[in-house]
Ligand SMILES: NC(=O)c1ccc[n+]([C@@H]2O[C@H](COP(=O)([O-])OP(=O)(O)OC[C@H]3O[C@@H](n4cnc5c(N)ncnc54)[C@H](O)[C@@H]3O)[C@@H](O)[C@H]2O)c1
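Read the single chain below, which is given as structure tokens and is the form predicted on its own.
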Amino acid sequence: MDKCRIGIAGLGRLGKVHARNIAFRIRGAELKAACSIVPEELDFAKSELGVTNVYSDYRKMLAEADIDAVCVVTTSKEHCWQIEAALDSGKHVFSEKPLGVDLAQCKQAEAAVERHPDLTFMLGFMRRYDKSYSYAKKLIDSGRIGTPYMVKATGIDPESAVQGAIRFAKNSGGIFLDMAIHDIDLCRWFLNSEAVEVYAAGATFKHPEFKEAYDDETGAAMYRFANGALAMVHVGRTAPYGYHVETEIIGTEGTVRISAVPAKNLAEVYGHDGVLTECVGSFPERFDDAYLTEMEEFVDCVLNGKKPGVSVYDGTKSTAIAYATTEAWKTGKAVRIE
């Protein structure tokens, strides 16, 4: 196989990012089909991506399209059955996070992956493919900061996007399931251990609509890991200055900080307001290169029979931790993580 022919399911904001990368930016990849239940998204596939094979029925795309692989970027609750259907039809699968919205779904996906060891499955934890995060991981693995014993992770969406978060709140599963899954994955990755206990709390000061939806606009969680390490995760939805993702890994011999200032670029503006660093505005902007790099890895794995760096089990473990965090947030009690 010299080309990986891919069908994409879902062409929302992130789906468009993946679709453009597959169609125009990745050697060895070809976007052959698109599926969406939104007619405007199929029009986009035809007019902007040059895809002529478009479908509103996912199973029909699997049965009829001339594809080797599927990229799943649909609503979270649809992921696992779509992963299973694609693998059972002989297709390689890349799926966006989260793996599933509950552990039963995650186990469904695990079983499908295990039934098809000859097929590639990869989960989209793209922060692992960001240059800064992958560099930090190399430093940690080389012993540069000694033994890592604490991670502090912050992820705050911009205030400019808060109305969308409010509309989604009733179906989001709560702020930790909705927002913290990437940070949870990074904590596991950097500490090379699994979380065994969590305490979490939330707060709402600006948008009472979150409380009305039994959610919060800000959440904080503290984790203890099996190796004794600690992690603290802060997620929110109301950064007034842009999209804020920051991570600090503290070790016995040093510390690595990633994006302490969520800078848009390396420029600083000198003016009447002083010296300003403009901030990045959205996740597609901040992680543009990471989304490209992870999809390049997926295509390389399909074409050359390699195993990707993120597995189905990473998805299940992170989901289990997120569920325990949600329980701790709702009950106000520390929760053991099995």
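Quantities reported herein were computed from a predicted structural model and do not represent experimental measurements. For every residue, the number given is its place in the sequence shown, counted from 1.
The same protein has a further form, the form predicted in complex with the ligand, not shown here; the description that follows concerns it.
Note on the partner interface in the predicted complex: the residue among 239, 136, 126, 122 having a heavy atom within 4.5 angstroms of the ligand is 126. Out of the listed residues 75, 265, 171, 227, 75 is the one that sits within 4.5 Å of the ligand in the predicted complex by at least one heavy atom.
Of the candidate stretches 296-304, 62-70, 268-276, 34-42, only 34-42 contains residues with a heavy atom within 4.5 Å of the ligand in the predicted complex.
For residue 25, no non-hydrogen atom is located within 4.5 Å of the ligand in the predicted complex, even though that partner is not displayed.
The ligand in the predicted complex is approached by residue 97, whose closest heavy atom lies within 4.5 angstroms of it. In the predicted complex, the ligand lies farther than 4.5 Å from every heavy atom of residue 244. The ligand is not drawn, but in the predicted complex it has no heavy atom within 4.5 Å of residue 321. Every residue of the trio 12, 283 and 291 has some heavy atom no more than 4.5 Å from the ligand in the predicted complex.
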